[in-house]
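In the block that follows, a single chain appears as structure tokens, in the form predicted alone.
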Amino acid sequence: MWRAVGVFRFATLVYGAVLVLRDHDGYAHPARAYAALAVMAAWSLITVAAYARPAARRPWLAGLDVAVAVALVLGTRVVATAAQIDHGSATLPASWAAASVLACAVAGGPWAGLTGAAAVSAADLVERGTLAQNTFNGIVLLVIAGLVGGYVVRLALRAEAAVDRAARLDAATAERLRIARDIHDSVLQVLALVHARGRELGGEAAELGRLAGEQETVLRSLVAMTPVPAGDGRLDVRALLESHAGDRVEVSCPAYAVPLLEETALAVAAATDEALSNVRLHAGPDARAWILVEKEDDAVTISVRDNGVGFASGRPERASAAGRLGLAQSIMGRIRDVGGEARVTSTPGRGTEVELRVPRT
């Protein structure tokens, strides 16, 4: 878009130069007209070079761009004769002044474009002294350029962001499929073998086989799960969590999508996986788990509760001190990294509850 503004600026500079060459005999001060043309050419070079660098695209530069255009429009009075002005001849910069309006639109959107158009239009009115038909037409074109140009820029930015999000999601899905193939060819095969052999051997081996079978089921569900877009580059966390539903896990979610930023949704899903893994490993062989998803105005809360053996206060701290970081890092750390908070409460004999609260934006 900035390149388009540059092309428009130089095209209208050529048009303005043609008008000066055509009308120089009728000017009251032809030398001033050529001086103004030189200013237009120099300023065109400066702005095109400046706008080419993102670091230089500052509001003050767009404002200065409009100020130069306004000064040149008003300068028509010290170059042209009163008869030329009264006859409705073009202002000194002619359509070149619209380049500053387009620059405002690209820099700040429709409202910035409209502000630039208002400034240049006011200069046109002051230079003419009256609202003639051609002056009115020029003002309308400036307003349209500012509004439409700004809208097109914002639309292009949203489209570019959507394409970028789609590309990142495709890349993430492809990587997930690659990892899933590797896991299937290694870890899942081993878990399936342990499950089958444990069932055949019986006794304590049967219990190990049962645990291996549960982990195999969970891991298969995890690697098969594809993030579900919820619109605007977000993921539906409800769809990510509902895959955990099974004989010993019950999931309760709203009937509608619960969109979260992709990073936040994936962090919640991973933390929930870790909480359920703790239930399977530590809550007891008959423990059941319940996942509850609640959508609030500015946050989403996910509760993972079980009816297992629970634990005494201070145990998470002792586990962290001993180097077992599943709760501290895999759950609390993940949620903290995305701006949320995690809380774990447990009572011996009455189960454990992990509450994850993350912002919606």
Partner chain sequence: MYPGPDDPIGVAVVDDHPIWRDGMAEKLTAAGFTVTGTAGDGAQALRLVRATRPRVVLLDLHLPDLPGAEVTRRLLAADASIRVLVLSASGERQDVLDAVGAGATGYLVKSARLDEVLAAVRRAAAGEAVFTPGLAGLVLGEYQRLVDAPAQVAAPRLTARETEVLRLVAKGLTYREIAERLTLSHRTVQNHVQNTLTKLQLHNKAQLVRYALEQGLD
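Rigid core (definition): largest C-alpha set, two forms, superposition within 1.5 Å. Positions refer to the first chain, counted from 1. Note that the structure is a prediction, hence the values are computed from the model and not measured.
Below: the form predicted in complex with the partner chain, not depicted.
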Can you tell me whether R288 touches the partner chain? I mean in the model of the complex, with a 4.5 angstroms heavy atom cut-off. yes
Check whether S303 has any heavy atom within 4.5 Å of a heavy atom of the partner chain in the model of the complex, and answer yes or no. yes
R57 versus the partner chain, in the model of the complex: is there a non-hydrogen atom within 4.5 Å? no
Against the partner chain in the model of the complex, would T81 count as a contact residue? Criterion: heavy atoms within 4.5 Å. no
Full three-residue contact with the partner chain in the model of the complex, heavy atom 4.5 Å, for G6, R165 and E175: no
For the partner chain in the model of the complex, the stretch among 140 to 148, 254 to 262, 116 to 124, 157 to 165 with residues bearing a heavy atom within 4.5 Å is 254 to 262
Just give me the single entry in A171, I179, V190, A205 that has a non-hydrogen atom within 4.5 angstroms of the partner chain in the model of the complex. V190
What are the residues of 334 to 357, in order along the chain, with a heavy atom within 4.5 Å of the partner chain in the model of the complex? R350, E353, E355
Rigid-core frame, C-alpha of W290, shift of 2 angstroms or more between the shown form and the other one: yes
For R158, decide whether the Cα shift between the shown form and the other one is 2 Å or greater, given a superposition on the rigid core. no
Displaced residue check between the shown form and the other one: G108, CA, 2 Å or over, core reference: no
